[in-house]
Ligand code: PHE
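So this first bit is one chain, no partners, the form predicted alone, shown in structure tokens.
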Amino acid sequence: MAVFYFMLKKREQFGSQFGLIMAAVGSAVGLGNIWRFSYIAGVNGGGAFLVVYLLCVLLIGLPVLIAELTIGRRSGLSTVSAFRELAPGTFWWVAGAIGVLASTAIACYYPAVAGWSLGYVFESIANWSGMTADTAAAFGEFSAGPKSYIFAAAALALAMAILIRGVAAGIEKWSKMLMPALGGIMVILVIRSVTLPGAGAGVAFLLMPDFSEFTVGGFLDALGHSFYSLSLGMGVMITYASYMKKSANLAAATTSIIAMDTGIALLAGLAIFPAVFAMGLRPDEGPGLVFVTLPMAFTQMPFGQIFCTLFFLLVFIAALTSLISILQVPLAMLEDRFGISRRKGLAIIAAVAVCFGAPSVMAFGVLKDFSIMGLDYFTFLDRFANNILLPISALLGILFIIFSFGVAASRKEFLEGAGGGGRFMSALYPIAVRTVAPAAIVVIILRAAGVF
């Protein structure tokens, strides 16, 4: 069996099960769980969307997650090399290559969003009156101005500084610190939000499903987000699982990732919607909910400046942990496939991220009139990666499990080290991975293509 890598003997591993879970959850719990979940739940009726989303996570997200984790741990290699190792001489490596391309594309615009959240931490401390006088105008000015460049570069540099220390001393160590910090800040914000006068309407909006006005579009949004929120299709879970020990309990890790990912999304909703309703604002403001509507809400509550600072610190931590995992995918590929050192690999990735990522930051300023296929550069990268590359990569990964690796072999890998746990998930896995998951991903692809 041909193996296309050079550094297997020196390959690192996560030091503990907890470290793996925190790193994987850190990847999954990004802006998708706080920014994207909140605004699409808001425009799709709250509780009804939440119920459908949870079902999609269990029926679609879970089997795809298991498939990617088993590929990574069985091979002990990053995305492209994993498929080459498990199916030498075949075309399946394309699935891994598309995942790397998706991660690289996301890494080119994600620092911009991470930079916005980092910048808003500082803005809420130093320029509170300026950022809240007219929140829409303030965000437009910030995203188009030179500050956004500085903070985007700072976010990318911080992620690189963590990655250069390696898997155990870098990713695992910082994930163990950042994720508990994220959870602590989230709890503080939820307590503040649900105790505001009039917050009960926001809690009911999120937790009391009303399907009377739920649409097919809402179902499709829930389906797509269940896939997006778990970092599937971008090679992250394959890469992280490749650093797992064979003795690690993959079933327990999978359960923890799913539970914590959806739990953080729920907590984000409980932190946001009660405050929005308590201040008499609309929950269906769309993408501007976090950066425009919420600062307006914070101005109306006691100690709003403090809670605004905490909130955007929370958003930045989520963005940073996701950015770290996204960058690790092409970095691991360069290490395994080409024997490039971590330091040189990071230099290459940094150069690519700056060259192709700078226009995404400028898309709201000096390049606002530049477009590709009618879209600004930032939106083009986002849609190209998330609507096209991610679902195609995930679909190929599922087909690889079905037709090459084998569903039974994947299930066996999933149960290895489980100690009797995970039997229920593994019993549903063959059915879901052969039918529900691929059908759902095809629906996502068709929707992205504008078929419906």
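As the structure is a computational prediction, the values presented were derived from the model and not from experiment. Residue numbers here begin at 1 and follow the sequence given.
Form predicted together with ligand PHE: not shown, discussed below.
Though the partner is left out of this view, Ile317 does not reach within 4.5 Å of ligand PHE in the predicted bound form, counting heavy atoms only.
Using a 4.5 Å cutoff between non-hydrogen atoms, Tyr228 counts as a contact of ligand PHE in the predicted bound form. Ligand PHE in the predicted bound form is approached by Met234, whose closest heavy atom lies within 4.5 angstroms of it. Heavy atoms of Asn33 reach within 4.5 Å of ligand PHE in the predicted bound form, making it an interface residue. Interface residue among Thr262, Ser242, Ser325, Ser193, judged by heavy atoms within 4.5 Å of ligand PHE in the predicted bound form: Ser325. None of Ser27, Ser410, Asn44, Ser38 but one reaches within 4.5 angstroms of ligand PHE in the predicted bound form through a heavy atom, and that residue is Ser27. From the list 203-211, 268-276, 104-112, 346-354, the contact stretch for ligand PHE in the predicted bound form under a 4.5 Å heavy atom rule is 104-112.
Residues from 397-412 do not approach ligand PHE in the predicted bound form: none has a non-hydrogen atom within 4.5 Å of it.
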